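Next up: just one chain, as structure tokens, the form predicted on its own.
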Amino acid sequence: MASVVLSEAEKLYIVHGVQEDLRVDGRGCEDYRCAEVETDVVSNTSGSARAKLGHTDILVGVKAEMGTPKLEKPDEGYLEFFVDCSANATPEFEGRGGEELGTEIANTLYRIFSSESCVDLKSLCINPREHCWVLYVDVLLLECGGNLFDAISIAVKAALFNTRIPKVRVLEDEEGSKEIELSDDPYDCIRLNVDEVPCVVTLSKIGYRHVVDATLQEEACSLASLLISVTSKGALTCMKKVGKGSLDPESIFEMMETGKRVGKSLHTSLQKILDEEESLGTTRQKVGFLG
């Protein structure tokens, strides 16, 4: 993961500021940086989104392809995650430098989406035991400015909201063999219900307090962080501790409550942006990478 080197005086300045609920950039401990979200930015995908959180820049593309259902779940489709850490994000990712982080993020996403209520996977089934839709979710890290997991979860949710899967019909001939017919109409598609898709809230312990949406400088002052995936209703679905430091039970409970509260408002803000963009239809101005 991208990191910065700070002097002891700089670390002390950040820690003392957090204790007073005043961070270096003027935010409070529970405030996010300004986030920018744009959907439908990659033309050759079923759905895509770009999310910017401060200096963290994430691009997500979703490709829907036909596959065979898994043996243990014959009447469901499934999601596959791949994370690419671009060397443009930080020189540390050159060569195979970003592989370990990419695998860690992908495994975290698998864990978050393992909940059955997260996405209706049964709607991705075309023909039980034979055909289903497989959603390949490709995450590209363009820039690392701290708080990667939160930015990625926002971009993934926005991309799934934007995903359009063609409607199909299963035709059976006289001999009993089945044939799949795809709809030619681009507007004749199914959309995923992302209401239950969780967002990740990362809480970093700095001194005696915890902050959300930590910058790279704040991450350098934190020894332990708690990743919490929260639904729009404030339900906690998954939790993971990262970092070398330890967290006492009281701190964990406080962080969980903060995560639920912050997560609910994050979902509300994100859904508002997505609905506004959707209402504009084809008239909306695309910013893409020129913004």
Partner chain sequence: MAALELLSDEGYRADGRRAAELRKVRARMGVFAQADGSAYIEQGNTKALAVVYGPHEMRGSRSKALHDRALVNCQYSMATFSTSERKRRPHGDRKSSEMTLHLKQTFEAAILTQLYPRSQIDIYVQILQADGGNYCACVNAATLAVIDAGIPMRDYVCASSAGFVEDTPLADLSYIEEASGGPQVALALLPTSEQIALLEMNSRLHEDHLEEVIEAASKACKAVHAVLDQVVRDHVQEVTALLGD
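Bear in mind that the values here come from a model prediction, so they are computed numbers and not experimental data. Residue numbers count along the first chain shown, from 1.
This next part talks about the form predicted together with the partner chain, which is not shown.
For the options Glu94, Asp120, Asp75, Asp195, the one in contact with the partner chain in the model of the complex, meaning a heavy atom within 4.5 Å, is Glu94.
Taking Arg27, Lys70, Lys63, Arg261 one by one, only a single residue has any non-hydrogen atom within 4.5 Å of the partner chain in the model of the complex, and it is Lys63.
Contact check for Val41: a non-hydrogen atom falls within 4.5 Å of the partner chain in the model of the complex. Taking the partner from the other structure, the partner chain in the model of the complex has a heavy atom within 4.5 Å of a heavy atom of Leu142. In the model of the complex, none of the heavy atoms of Asn127 sits within 4.5 Å of a heavy atom of the partner chain. At a distance threshold of 4.5 angstroms between non-hydrogen atoms, Leu59 is in contact with the partner chain in the model of the complex. Scanning 78-113 for heavy atoms within 4.5 Å of the partner chain in the model of the complex gives Phe82, Asp84, Ser86, Ala87, Asn88, Ala89, Thr90, Pro91, Glu94, Gly95 in sequence order.
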